[in-house]
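A single chain comes next, written as structure tokens; it is the form predicted alone.
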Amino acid sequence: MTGPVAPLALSLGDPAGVGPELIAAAWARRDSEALPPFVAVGGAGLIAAAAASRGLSIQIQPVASMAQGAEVFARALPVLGDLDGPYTPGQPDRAGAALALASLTQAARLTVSGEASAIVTGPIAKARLAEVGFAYPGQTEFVAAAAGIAASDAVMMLAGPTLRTVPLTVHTSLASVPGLITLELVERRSAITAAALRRDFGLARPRLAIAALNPHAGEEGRMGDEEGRLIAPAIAALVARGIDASGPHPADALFAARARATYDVAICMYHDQALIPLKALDFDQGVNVTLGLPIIRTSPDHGTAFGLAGQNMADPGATIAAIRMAGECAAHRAGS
């Protein structure tokens, strides 16, 4: 692939989790995986210790700028700045959370300024970050705010080799979902998704399959009326705007192999409707992508995995996929 003009910025995630070791593992496989240049933001010492826990012998080089990081990437893992801390796998604490937040903040700033072509965020522990002043539901909202975008216009997409899904409602109770689904929500977030698939993924006419909320798509109102009252009118509005949207599709049949061949992304009504099929099909290669931003942000679609940290058990596939996808999206934007 054609590399972006600037390297990617990788935030550490919680240093007691698997983030640092997976950064090291990704760099070790940079050639075999054809990864674009990336720079870790902070953590030179702890990444070295995390790499050693996996039996990886890698070169790590502190750098003073993203540009210098691009120059050394082929021979050493570039680490920007002097942020660092002890490596205590599986033992999260406030100091580690503060380091994770500092790394995330700097990586976001570098991406907003254009010094980095994209940000790839490492997995965090939200409860720990809250203890050190993190006031956002998650990294999606933090990155959106850093980019000057309202959280409501930042759309989460989960992407793997065989499936892309977008949950219209995310971290909320299942009981609250019907009250949150509106015609405007379905139309606006679907339109943001279509625009992002064109700009960042190179799909000239992305196909959106929009899931129903209720079993059997409500069965003509006998199992709920949201499909006829809200979802179908939103689909009609999208089609009127020239967007290839179909549905509402019964969710129990939407993710079969034959169905997946008919669309580019499934727009889902709630968190588990989107994440269960993605994780069942593409768990080790799932990527969380934030759509609708002026910058590119991806993240591996897994958590800190404190129980696996430091044991050479965590699979780097999702981190590698997140890095590759960020680079591909950056290349699409650079060429548009």
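These numbers were taken from a predicted model, which means no experiment stands behind them. Position 1 is the first residue in the sequence shown; the rest follow in order.
The same protein has a further form, the form predicted in complex with a further copy of the same chain, not shown here; the description that follows concerns it.
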Based on heavy atom distances of 4.5 Å or less, which listed stretch (288 to 296, 269 to 277, 55 to 63, 30 to 38) is in contact with a further copy of the same chain in the predicted complex? 269 to 277
For residue 255, is any heavy atom within 4.5 Å of a further copy of the same chain in the predicted complex, or not? yes
Could you tell me if residue 281 has a non-hydrogen atom within 4.5 Å of a further copy of the same chain in the predicted complex? yes
So in the predicted complex, does any heavy atom of residue 205 sit within 4.5 Å of a further copy of the same chain? no
Is residue 214 a contact residue for a further copy of the same chain in the predicted complex, using a 4.5 Å heavy atom cut-off? yes
If we test each of 109, 199, 260, 188 for a heavy atom within 4.5 Å of a further copy of the same chain in the predicted complex, the one that passes is 260
Using heavy atoms only and a 4.5 Å cut-off, determine which of 90, 138, 224, 85 is in contact with a further copy of the same chain in the predicted complex. 224
